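Same chain, two forms, each on its own as structure tokens: structure 1, then structure 2.
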Structure 1
């Protein structure tokens, strides 16, 4: 990336700073710390595994020679993943990063058997003293994308290509809708579920189907490849995605990215392991933690909307604005949450209904 933003500047400064401080500290340590990373998809220039690896690299930079990282990518969830994670522990890795929900059950067992190993696990909910799940509050970012989409849509119809209808994805869609409706209450959204984490051809056909149904801003919800992005660019409709920027695949129509920067969190957990005070807890991280961020905004977004978005992002960060706050009305027109009532974390984590404006029914 050639562009230096305030954010990346601070990040690199911090990284260099901690590296200078950490280096002599590690040099004193007897052993090199070994960290194992298990990822569900191949590491590419974009996508989920890429975002996790970027976080791991921040830790690596900070520790330098003091940390040895073993990365195993494209590991299918299931018994094979458990075997591989066990093997990492047997090889002396004391910190494990398990990069997918499906590694949860195997990971928990490893944590119970090996109290001296600290494990951080993506997207799960189970906790042990040495096992900490982490999730990003993507919906804070998709709300902001909704505001931008509202300023750009001409048809007043937004579209979303979703992988699986699970709460994490549903909340992202609903926040996108709420953000758009906060600007223009007439906007509606169509959702197509491809029922696969990975099927580029289907994802592209789904995008074309949405575009044919007048959707002119598309949300690529949890696709790891630029399948949706490239079709949208070709068709001339705005598009955005999660995790890491795919702006290079859509030079004119990229709306922006709801990115995740796991570096500071991973480093904090590794530091805690080294210091002996690793804590097993459910880490649900968002804009306020500097984990979820937005970047690469399209230049077509009007200046006054950019201002509004910036102000809203600041309000989310300082806690003065909450996305899932009543009045919240569902698809059937029923009021689920009254004025002033906010959804609890637990309710958001298990959300299985769409807000008003999403016209596609939710598969049960």
Structure 2
């Protein structure tokens, strides 16, 4: 497996120029599938890119020498990412994993120009026959974290450091709030958006700001560093995150992780490409798909709450409980969904409002 940074990849592609397009495929390439992976942040030992790479490694292990993987990490969304993805196709990569919402527009154009290339894309909503977005139902896990937070908070004020105000992250926040309020309706939440997937300094500042406002349980929402986790541990407030465990960075105050296991899904999509039946569809994957899971629960959570969380998680998995089901009231007090009315997947995918109890307004 080749692992490349943005700088070294651009340097090599500029040096070869258009030769990438003109170079004939060698015989060996007919037997080896080439897969390109573009990630928005360093892989590191935790976080979103780390979780995606764990999934890619599952595919690599299954295919062995039959798969050649090129990984490009810490690639900023925008023209660089588009150019890099195009170069991967020019180099003969027939499967692309585009690991960020911001890669969507460039990726969909690649799919339309290259019908023989199969693309799986993180967090988007656009679909082509060879372009499949995938999203985790994080809200199933963050709802459970909300229940735990309600049992531990003393101030009844929760906090969240959010990366970008996109529907995927908004739904995670709302579910956290709904879970907490299912236990204690007086709980509120404050949110600070840092507008970055990877900015340790801003994440630390945002965490300290929330703690100064009496938030005593913090949600690290899509940060690729343990910055939020470490600051919360130092301040003595509970904290949890998405994608991969950061328990080692908060030995006493780690509430838990809403993790993701992408390996089986990634392998299934690569298998489908090889078999010639890749399907472009919007994949919503959760607890029921063994993609979303919760782990590393803090021992401070009362035993009776652990029992409630376990029962609720089972109900989510078997479909007998739906997180986003009315009555759902927004933060202005307006009823969005009446009693018993559930949000559709499409409505969740485009969600741009906070539920009652979240006191911070969404950015314009």
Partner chain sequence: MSIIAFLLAGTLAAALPLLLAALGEMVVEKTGLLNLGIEGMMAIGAAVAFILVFQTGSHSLGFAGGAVAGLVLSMVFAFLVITLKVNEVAAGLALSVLGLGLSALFGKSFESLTVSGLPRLGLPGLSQIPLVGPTLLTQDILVWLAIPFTVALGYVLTRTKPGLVIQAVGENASVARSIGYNVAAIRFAAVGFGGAMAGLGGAYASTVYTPLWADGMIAGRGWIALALVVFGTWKTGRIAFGALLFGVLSLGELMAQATGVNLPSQLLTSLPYVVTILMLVVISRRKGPLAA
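Residue numbers count along the first chain shown, from 1. Values in this document were obtained by computation on a predicted structure and should not be read as measured data. Here, rigid core means the biggest group of C-alpha atoms that superpose within 1.5 Å across both forms.
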Selected structure - the one that is the form predicted in complex with the partner chain
1
Following rigid core alignment, is the displacement of the residue 117 C-alpha between the two structures equal to or greater than 2 angstroms?
no
Core-aligned C-alpha movement of residue 268 between the two structures reaching 2 Å:
no
When the two forms are laid on each other by their rigid core, does residue 319 show a Cα shift of 2 Å or more between the two structures?
no
Residue 333: how large is its C-alpha shift between the two structures, with the rigid core as the superposition reference, in Å?
2.6
